[in-house]
Each structure stands twice: as C-alpha cells, then as structure tokens.
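Single chain ahead, written as structure tokens, the form predicted alone.
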Amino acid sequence: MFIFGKKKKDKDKEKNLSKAALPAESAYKLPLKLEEKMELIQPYLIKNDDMVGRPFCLGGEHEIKGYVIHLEGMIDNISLQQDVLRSLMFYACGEELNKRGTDYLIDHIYKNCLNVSQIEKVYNLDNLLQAVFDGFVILIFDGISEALKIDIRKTDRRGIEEPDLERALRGAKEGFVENVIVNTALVRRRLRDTNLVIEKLIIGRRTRTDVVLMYIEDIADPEIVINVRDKLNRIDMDGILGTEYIEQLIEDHHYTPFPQFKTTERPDKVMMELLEGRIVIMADGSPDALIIPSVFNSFLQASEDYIERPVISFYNRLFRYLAFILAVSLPALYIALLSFNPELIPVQLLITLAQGRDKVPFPVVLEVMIQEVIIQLVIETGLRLPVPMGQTIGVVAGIVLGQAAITAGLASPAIIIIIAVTTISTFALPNSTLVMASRIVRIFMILMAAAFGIFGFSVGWFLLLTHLISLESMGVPYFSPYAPMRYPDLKDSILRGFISKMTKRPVSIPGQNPVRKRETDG
C-alpha cells in the first residue's frame, strides 16, 4: 500500500489486520465511476445510522464530483470542515490538474490542498470500509479508482491525574489515561532516547484494538522482544478490551494466583522499567501498562523507593515484606497454635485466648473462616458502592459487625484482631494483583494449618516457595534474585543501595547493555 506522510508498513503487518465479513467483490479494485462506488457502499450507509457522508465538488474548470464518508463522533469535525472540505472545494483544482488530467488528482490534493499529515491511498472496498470503521475519513472521487484515507480522529479523553491505586508521597503525579496515543506521548516526553522503539499492532478481529509494544532497542533482550511480539501476533479472537486480556493470553502459567507481569498506571515507573531492559505493552481503552518480564521482588517495590534515601526505602520495603508474610500466614498460624500446639503459646496469653473463646460455639477453624467470609463481603461491598458511601459502609460494617460478634459470643476478641491485622497487611501491599493473590494463598494456608497444625503450616510455606521458584516470566526466573541467587541484584531487593553505586542494570533481567552509569574517579 502506498502511504503519504509516514513510512511504508510491513507486508506482514498488513496481512495481520483483521477483516470483517464483507462480500467477495470487496477484494477487487474500486470502480472508476462514483455511482458504482456508492452502490457498493450504500448497504453499509443504510444499516449504520452513525455512518454519514456528503457529496462535494472540487473547484476549478474541470468539475469533479467527490464524496466524503466517516463515522459520527469519531472524527474532528472542525478539522474535516477547515482542513479537508474547505481545501478541496476551493483549492483542489488548478491549471496543473487541467493539463495533466484526473490521474494527477490524488497527488495534487496531498501536495497542495490538505493540511493533514497522515494520508493513504485505498484500492479496494475491503480496506475502504475497514478504514471507515477504524475512525478514518474516506474520500472517493468520480473517474478515479483509488480513495483517500485521512486520519483526523478525535482524541477526547479524561484529564491526566494521579492514579488512585498508585499514589506516591513524592515524585510525579501524572497517570495514564484510556488513550494509547496520549500514553505513549507521556513516556516519550520523559524518555527522549532515539533508541526507544514503539511498534503499533492491531489485535482483535472485531474490536481492532490499537496495541503498542515499547522497548529500548540497545538495552532490551532481542529474544524476549521477538517472543513477546510473536505471542501478540498469535492472538486471534473477536475482541481485546485492554491489557488485562493480553496479560491472560500471553502468560506462561495460567493456574497460578500470582501475577506474572507487573502493571502500572504511572509514566515515571514505565520509564524506569524500560531503562532496566524490560518491555512495555499498552492498549487503547486501558490505562494500565504491562511490564515484561517481571519478578516477584518487583511487586513489593514502589516508585518512591528510588526518590527517598536508601535507609527510608529499606525501612518501607522491610514492612512490605512483613505485610505479605502476615497477610498470608497470620490466620493459619493462629489456627495451628491454638488447635494443635497450644504448648507453644505463653501461659498468660493462652489463658487470655481461652477466656475470650469461652462462649464461642465454633471450633477455631470455623471461627476464622466465618470472619474471613465476612471481611471479604465487606471489602467487595465497599468496592462496588460509590466511593463516599463505600468508605462509610466499610468502616461502619467493620466496627459494628466485630463488636456485635463479640457481644453475641460468635467470635472472640483475638480473632477480630487477627483478621483486622491481616486485612490491613493485605492492603499495605503496593500491587493490587498481588493483593488478590495473597487472599487466595491465605485460604490455602488456613486449610493446611487446619489439617496438620504447625507441620501443615510449614509444608504450606514450603509449597508456596517451591511454586514461586518454579514460575517464569517470559523465560526469566520469577523468584530471582533469591532463587536462583543473583548477588549483584541483592542491592536492589529488600535493601536499596545508593543510586551512585547502582552502576549496573539488574542481572535478573536479560539485556544487551549492562552498564547503567559510568564510574568516575573520586
């Protein structure tokens, strides 16, 4: 396909473009006469009320009829009127066109008439109709078989603001929106490297979602880039709603609760990940960026860790690791100690716990499970209700239900404290997908402790660590730098070394250029 205003696309990419169910003749060249073209397009104009068009005539001695087609609400109407129709109706024809004839028309329009940058020739009905439904403006003319596809799509979007789930005390306050063009610009503004590559793909036979693959060419591992690109090209389904679908379709392990790819809505975090050799996927309609590959350690890190001083970052990270351990193990440990190994509990504490459970009619396991169900219902209710109402109901429900359960003798004060600490620890984790994984693992640990006590609790942690060690993210060990041990990466694990000393990129992430900062004397 001959393209004005931008580089020629690869033939392979053209083959990958999805095709709608069109008549057989749509693959043939467009007819010369405008009436014959309109006969082919008319059925689609009739059945789609948002598909609009209008005739116009090119000015000049040789009057040439034309027709413009577009989808209502998808294009910039002001640009259509001023940059396209006004130019065509008043300035499109002249003495040069009169001498050379209609074959010269499209080149003349591009070079001398239209004030838009992205214009392509379209040769058949299939591509013409698909371009209309992709949001482009189509121009067809009498006496010329080719049509023009013009990109003046409207970019309405919500304002750029800080993401709700990734708030930072210090640093940038910008977050991605649902427009992939805006999102790539936010990254480009921060990372002005000529080696930053942005590849655009179209995925989904019917939704034709714009997807962006982003990486730094001289840092990212070429094998991982090829692997990710191949997996994206192999996606063949009707619709892709965002990066959430892509994540599930390209991950290697489908039955694990742990996320294999990190997601973020922060441009500054995407920039840092690209500089470490990772690959980023973004999709139109989704504010989340997918970071590939990812390791478990990165899910417990936050962007402000690199803004604060190393001591403060270490302190924060230490508590995040503690929060994960408490979120996964605290209820299970309570069951194991109270039901199977009470001799491990100090006597005074054991007496207090026994007195609190004096009137509770349920065994410890059932008591814990009832409170887990209640707290999960409260969390889900708070998420589904409007924000002000959800926060109020969550707080009121937690206080009222907890106090009522103790008064009625259905729960002990100790279990209310255990569940409260567990819930707080869960929400102290900086990644929302890891929060969901910790809830599922907690149920598994509760069942193991209920069946086998401390032994089951230990086996549960052994199985959990074995599972984490066995996972991979695009071929990268998920539990590195701990297993396999990558000693150079330990300075950015629980610890966070001085930025001046972090001269190498992470060994855990394959890449071409390991040097991040050149060392200087003194």
Partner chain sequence: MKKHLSLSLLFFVLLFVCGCWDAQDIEDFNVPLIAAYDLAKENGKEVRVTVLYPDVAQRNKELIEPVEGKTVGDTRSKRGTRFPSTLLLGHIQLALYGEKLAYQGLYSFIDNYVRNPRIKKSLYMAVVKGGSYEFLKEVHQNNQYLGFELPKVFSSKKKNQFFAITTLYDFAHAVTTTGKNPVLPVLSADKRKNYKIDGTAIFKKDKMIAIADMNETVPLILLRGIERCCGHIPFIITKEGKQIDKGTVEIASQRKVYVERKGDKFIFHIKLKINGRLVEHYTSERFLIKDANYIREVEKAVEEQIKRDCQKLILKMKEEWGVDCIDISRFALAKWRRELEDVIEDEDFIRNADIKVDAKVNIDCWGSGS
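Residue numbers count along the first chain shown, from 1. Note that this is a predicted model, so its numbers are computed, not measured.
Keep in mind that the form predicted together with the partner chain is missing from the display, and what follows is about it.
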{"query": "Residue (of Ile345, Ile443, Ala185, Ile312) lying close to the partner chain in the predicted bound form, criterion heavy atoms within 4.5 Å", "finding": "Ile345"}
{"query": "Option touching the partner chain, based on a heavy atom within 4.5 Å in the predicted bound form, out of Pro363, Gly285, Gly409, Gly73", "finding": "Pro363"}
{"query": "Among 207-215, 252-260, 157-165, 445-453, the region lying within 4.5 Å of the partner chain in the predicted bound form by heavy atom distance", "finding": "445-453"}
{"query": "Contact of Gly356 with the partner chain in the predicted bound form (heavy atom, 4.5 Å)", "finding": "yes"}
{"query": "Close approach of Phe340 to the partner chain in the predicted bound form, 4.5 Å, heavy atom", "finding": "yes"}
{"query": "Residue contact check: Ala420 to the partner chain in the predicted bound form, 4.5 Å heavy atom", "finding": "no"}
{"query": "4.5 Å heavy atom contact, Ile351 and the partner chain in the predicted bound form", "finding": "yes"}
